[in-house]
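This document starts with two versions of one protein chain, written out as structure tokens and named structure 1 and structure 2.
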Structure 1
Amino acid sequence: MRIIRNVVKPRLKSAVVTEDVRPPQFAQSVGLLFALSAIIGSLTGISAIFVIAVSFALAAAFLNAAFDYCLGCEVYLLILRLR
């Protein structure tokens, strides 16, 4: 990150267009949530929690990588609507 900011960016001639940080941050926090659930499942020996949490993490990561799936677009509004 520092290399890009201090070395690469000043040498680029055109204006640098960067992606909005919020969508990937949302996806990362969802991933963290699943990873923590998996750790809890693993430590307590309840393998069902572990398998389900890891499955969701794999599903989200795979959809994002293979199909350009936008988790924030599909899930965030649904969560808000539940309120």
Structure 2
Amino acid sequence: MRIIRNVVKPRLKSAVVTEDVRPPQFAQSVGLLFALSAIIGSLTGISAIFVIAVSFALAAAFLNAAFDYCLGCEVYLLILRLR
């Protein structure tokens, strides 16, 4: 950490632009909600809740992996615009 702070950072020409962390954190929270819903559906024996929650989570993960499209991030931005 000291090497980065003392050697690398002073040599950078401009401030490093980083991504806003709020959309990915929102997407992770939505994924956690789907995972918890699937666990609850599995534990209670309601297979419809399990299948729906897992299918939504897998669909969002596929969009992110195949097309680099973060569905949770886009939903966050949509909610932000609607405010």
Partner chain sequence: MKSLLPIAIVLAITSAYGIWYQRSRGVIKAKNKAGIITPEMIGGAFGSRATLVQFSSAFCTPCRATRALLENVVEGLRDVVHIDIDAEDNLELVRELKILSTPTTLILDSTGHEVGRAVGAPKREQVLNALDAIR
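From a predicted model like this one, the values you see are computed outputs, not experimental measurements. Please note that residue numbering is based on structure 1, beginning with 1 at the start of its sequence. Basically, rigid core = biggest C-alpha set you can superpose within 1.5 Å across the two forms.
J.: Which of the two shown corresponds to the form predicted on its own?
T.: Answer to the question: structure 2 is the form predicted on its own, whereas structure 1 comes from elsewhere.
J.: Using a rigid core alignment, state whether the CA of Val75 is displaced by 2 Å or more between the two structures.
T.: Yes, Val75 moves 2 Å or more.
J.: Keeping the rigid core fixed, what distance in angstrom separates the two C-alpha positions of Val7 between the two structures?
T.: Displacement of the alpha carbon, after core fit: 11.8 Å.
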